[in-house]
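Given as structure tokens, the chain that follows is alone and in the form predicted on its own.
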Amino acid sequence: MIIEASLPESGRLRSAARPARRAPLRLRIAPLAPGLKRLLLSWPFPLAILALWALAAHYEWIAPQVLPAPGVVAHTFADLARSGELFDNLKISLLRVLAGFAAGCAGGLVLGVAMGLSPVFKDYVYPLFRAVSQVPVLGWLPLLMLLLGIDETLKVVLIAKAALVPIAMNTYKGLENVPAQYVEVAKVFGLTRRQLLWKVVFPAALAPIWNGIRYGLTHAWLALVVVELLASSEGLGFMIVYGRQLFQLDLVLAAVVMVGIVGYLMDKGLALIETRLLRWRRVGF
């Protein structure tokens, strides 16, 4: 016997009219662009340092004569910018660093290419180059002051030396580490030595060479500040020394902020140029 269980007619109608259960609403947040994500992640730490600086100045954890408040430094920075004193000294510093960097870049590229392409030249020069590169800029200052005086030539030579070392080293390493397979394939296609250099070797070594140029500019900018701190009567480094002598720490910090801003912008400018020069590269994992 088959027993059929049936619902009442009204219950059957209510069951048929009941709407289907909807899936829970889920919010979908689009992932942030990598550049925006890096920008957002880079802000909390500087803002925390600025907040700590403001608190230390407000509650006088450190004497105001030693650590002026951020507002005082900003006011001094604005006054120096309005008077033109800040930009006049900045112009002098930029001209110095560009002259030294140009000389150091030219010398570093020539030296690096010569060591990278000529094993015999490398055997003669590389040990001495490594020894000289270990001496910091300040180590050469007393000797060069006796030979060159304290004029502009001294500053340009020291800045050029600071830029030359990383450029020459990265150029040499970049040429030395070009994969041998590239050279073998070029020889199979019958490329001449000149074509091999310009179409295979130099493009393959362009990334480390450009990294060396970026490091060279950074080292040149740091050397400029050091040289102006010790032997100069104008420039951003001189402003730092002048503010310290007068015990005007707001002037010192304003000049330091300008040094940091300009150095950051120069490095970012070279990074943008690098993305255009090396846009053909494949990005790794």
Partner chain sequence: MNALASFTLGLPARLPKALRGWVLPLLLLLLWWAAIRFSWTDSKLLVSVGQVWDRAVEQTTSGALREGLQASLWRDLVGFAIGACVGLLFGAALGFSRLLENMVGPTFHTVKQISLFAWVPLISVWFGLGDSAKVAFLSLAAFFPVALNTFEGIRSVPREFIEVAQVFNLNRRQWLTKVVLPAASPSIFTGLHLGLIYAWLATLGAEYLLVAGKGIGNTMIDGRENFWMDLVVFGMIVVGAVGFTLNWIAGVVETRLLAWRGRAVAQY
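The structure presented is a predicted model; accordingly, all values stated were derived computationally and were not measured. Just so we're on the same page, rigid core means the largest C-alpha set that superposes within 1.5 Å between forms. Numbering follows the first chain given and starts at 1.
One more form of this protein should be noted, the form predicted in complex with its partner chain, which is absent from this view; the next part is about it.
In the model of the complex, is there a heavy atom of its partner chain that lies within 4.5 Å of any heavy atom of S83, even though the partner is absent here? Although its partner chain is absent here, S83 would stay clear of it in the model of the complex, with no heavy atoms inside 4.5 Å.
Using heavy atoms and a 4.5 Å limit, would one call L41 a contact residue for its partner chain in the model of the complex? Judged by the heavy-atom cut-off of 4.5 Å, L41 is in contact with its partner chain in the model of the complex.
Check Q65 for me: does it contact its partner chain in the model of the complex (non-hydrogen atoms, 4.5 angstroms)? Taking the distances in the model of the complex, the answer for Q65 is yes, it comes within 4.5 Å of its partner chain.
Is L98 part of the interface with its partner chain in the model of the complex - any heavy atom within 4.5 Å? No, no contact at 4.5 Å.
Non-hydrogen atoms within 4.5 angstroms of its partner chain in the model of the complex: do Y59, L94 and L246 all have one? Per the other structure, none of Y59, L94 and L246 touch its partner chain.
Would you point out which of 175-183, 85-93, 100-108, 70-78 contains residues with a non-hydrogen atom within 4.5 Å of its partner chain in the model of the complex? Stretch with heavy atoms near the partner: 175-183.
Scan 211-250 and write down, in order along the chain, each residue with a heavy atom lying within 4.5 Å of its partner chain in the model of the complex. The stretch 211-250, when checked against its partner chain in the model of the complex, contributes H219, W221, L222, V225, V226, L229, L230, I240, R244, F247, L249 at the 4.5 Å heavy-atom cut-off.
Core-aligned C-alpha movement of A63 between the shown form and the other one, 2 Å or more: After core superposition, the displacement of the A63 C-alpha between the shown form and the other one reaches the 2 Å mark, so yes.
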